[in-house]
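Only one chain is shown below, in structure tokens, and it's the form predicted alone.
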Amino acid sequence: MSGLVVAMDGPSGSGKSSASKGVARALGLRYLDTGAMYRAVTWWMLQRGVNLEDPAEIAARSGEPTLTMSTDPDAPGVAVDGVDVSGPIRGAEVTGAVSAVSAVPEVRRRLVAMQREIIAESLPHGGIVVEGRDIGTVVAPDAPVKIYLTASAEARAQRRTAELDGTTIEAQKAAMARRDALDSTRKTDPLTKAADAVELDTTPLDLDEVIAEVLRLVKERT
């Protein structure tokens, strides 16, 4: 499995994170959550009062935060300027603002470059499972295994509601629909399925079944 890159794309609630970590564990690979990087930059911007309705201001400050990623699937995380923000970046404020920040081309260029460096560093150690929204299309278009996870709106909302306190399925449906629209229509690196990716609908599957199917696809394609 030396040098393997598995690109896992799809919208929130499709099961990317849990499946990606499970696949990485099963294959002894590293793991990278690229969405956490965009969330971390968003958290940093919010902490410093950056006007997130002004793309020029976001762009001007996008190079300031220093990110450190853990690629251990058993202990993934992200630190900003030495501060672990793995918990805070999952809050409602960051979730509501991350699409605006991740749409700014300067932010994407910087983080895509970092992601490619992390992938390159992982290759001598067996490889990596990378999850996000533009892995198969932009970050690692040459990845030998590309998978696009989907699920029904109901299933995605149920999963996210189970993870969060103080929310409802209907609220999550609305929030996900808004984010899907923003992420799939942004001009730079929109959320889309790579032409050579295998689409996997996780609606009827439990986590173990999703992981097993991805492992089957990895074996088939490598």
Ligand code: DC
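Heads up: residue numbers just count along the shown sequence, starting at 1. Everything numeric in this text was worked out from a predicted model, so none of it was measured.
The form predicted in complex with the named molecule is left out here; the points below concern that form.
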Fill in: Touches the named molecule in the predicted complex: Y38 (any heavy atom, 4.5 Å)
yes
Practice prompt. May I ask you to check whether R133 falls inside a 4.5 Å heavy atom distance of the named molecule in the predicted complex?
Written response: yes
Discussion item. At 4.5 Å between heavy atoms, is R110 in contact with the named molecule in the predicted complex?
Written reply: no
Discussion item. Is R30 near the named molecule? Define near as a heavy atom within 4.5 Å, in the predicted complex.
Written reply: no
Worksheet item: Can you pick the stretch from 134-142, 147-155, 120-128, 78-86 whose heavy atoms fall within 4.5 Å of the named molecule in the predicted complex?
Response: 134-142
Fill in: Sequence-ordered residues of 99-115 touching the named molecule in the predicted complex, heavy atom within 4.5 Å
S99, S102, R108
